[in-house]
Every structure is written in structure tokens, then in C-alpha cells.
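Before any questions on how it binds or moves, here is one chain, the form predicted on its own, in C-alpha cells.
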Amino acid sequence: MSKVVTGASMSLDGFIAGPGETGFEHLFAWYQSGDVPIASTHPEIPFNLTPSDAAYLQAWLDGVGVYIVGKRLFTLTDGWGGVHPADKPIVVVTHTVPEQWIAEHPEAPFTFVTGGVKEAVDVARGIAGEKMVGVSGGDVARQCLDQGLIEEIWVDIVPVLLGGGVPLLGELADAPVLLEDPEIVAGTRVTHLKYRVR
């Protein structure tokens, strides 16, 4: 069965977006910290990284077979126009299926589930095969962790304090959740931490 992981770039004070959906220029600056290119389906979202950051990101991209996102991220990005920057299938957790968006993007590899995160993980595992299921940070990741579905947490700690905004996970229903010691990769303007959930 495919492993379920969550990952996000996060400020040192714990936020994956600043107040009013700000701060992304700081959270993702490490995507432009070097001269090793990684392909993106969107030319306006290029990746040029240092060798250590590129190896870390490439391992993530090669390992993930499908992403689970919430309605907030789907709406914020307008579903990336129907093609995720990493060219992966997407499972969207939502209360309402956006029929008009689907009609406008009939070829988009997006699946919309209305039965909650457990259904989303089951659907995503069917798509991912042997690869990982990547759960976007925020409320969907918190719900998955609360239900014991997350097996690893990959955090890219960025040296910025945003002072508020969207937390990586928010308030957990059954804290504390213990993690194993991290694998650490030192990057440029970022430190990559990979934790296994006990």
C-alpha cells in the first residue's frame, strides 16, 4: 500500500501562508536559489535550485504519484488551470463538486471527493500505485493526521517569521503526536526535515 505523506514550506513560526495569503515570495524563495533546473508544467513557476535542494525536491517529485489538496488551495490556484506544476493527478477534498470547472477542463486529471479525507486517501492510493500519496499542508493534512493516515511529514523550514496565517497543521484532536528523529538536509535559505510518525 502506498505511503501517505504531507509536506510544505513553512516559516520558522509555523505558517505555510502568511496573513491574507501573503508571504509566498519568502516561503518559496529557495525554489530560485541556484542554477539546477527542474522542469515545471508552468513556465511562470520555474525551479532553479542548489544541488542539495534540487536532489531533495527531485526525490519528493519522483516519489509522489498523486496529491491530495483541499478546496481552499484548489480555489486559490484555480486548479492550476487543470495541470499541476509537477504534472501529477490531483484529488480534491470538497463539499461541492465544481461542475463548471470540470466542464472547462475535461482532460484535467482531477478527482473530486465529497466523503472526507479517508475517502480521498483511498481514492488517491488507487491512483498512486506504489508511489507516495502527497497531502498538502493545512486543514486537510490536519484531518489526515487526526485520523492516523499520515505516515511521514516533510517540512521545509524557511528562515522567515510570518507572524500569523495558515498553520502547517493547526490544532490536533489527539495531541501530542510523537515523531521519530528527523532526516535533515541543509539547503540554501531552507532546511529540509523529514519525520516519520511513530
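None of these values were measured; they are calculated from a predicted model. Each residue number is its position in the shown sequence, starting from 1.
Beyond the structure shown, there is the form predicted in complex with a further copy of the same chain, which is absent from this document and is the topic of what follows.
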| Out of Ala55, Ile45, Val36, Leu161, which one falls within 4.5 Å of a further copy of the same chain in the predicted bound form, going by heavy atoms? | Leu161
| note | Only hit among Val66, Cys144, Val69, Ile153 for heavy atom within 4.5 Å of a further copy of the same chain in the predicted bound form is Ile153
| said: So if I measure heavy atom distances to a further copy of the same chain in the predicted bound form, which of the stretches 127-135, 37-45, 55-63, 168-176 falls within 4.5 Å? | reply: 168-176
| task | Please check if Val190 has a heavy atom lying within 4.5 Å of any heavy atom of a further copy of the same chain in the predicted bound form. | result | yes
| Closest heavy atom of Met10 to a further copy of the same chain in the predicted bound form, within 4.5 Å or not? | yes
| query | in the predicted bound form, does Glu21 have a heavy atom within 4.5 Å of a further copy of the same chain? | reply | no
| request: Flag this candidate site as yes only if Val97, Trp101 and Lys118 all have a heavy atom within 4.5 Å of a further copy of the same chain in the predicted bound form; otherwise mark no. | output: no
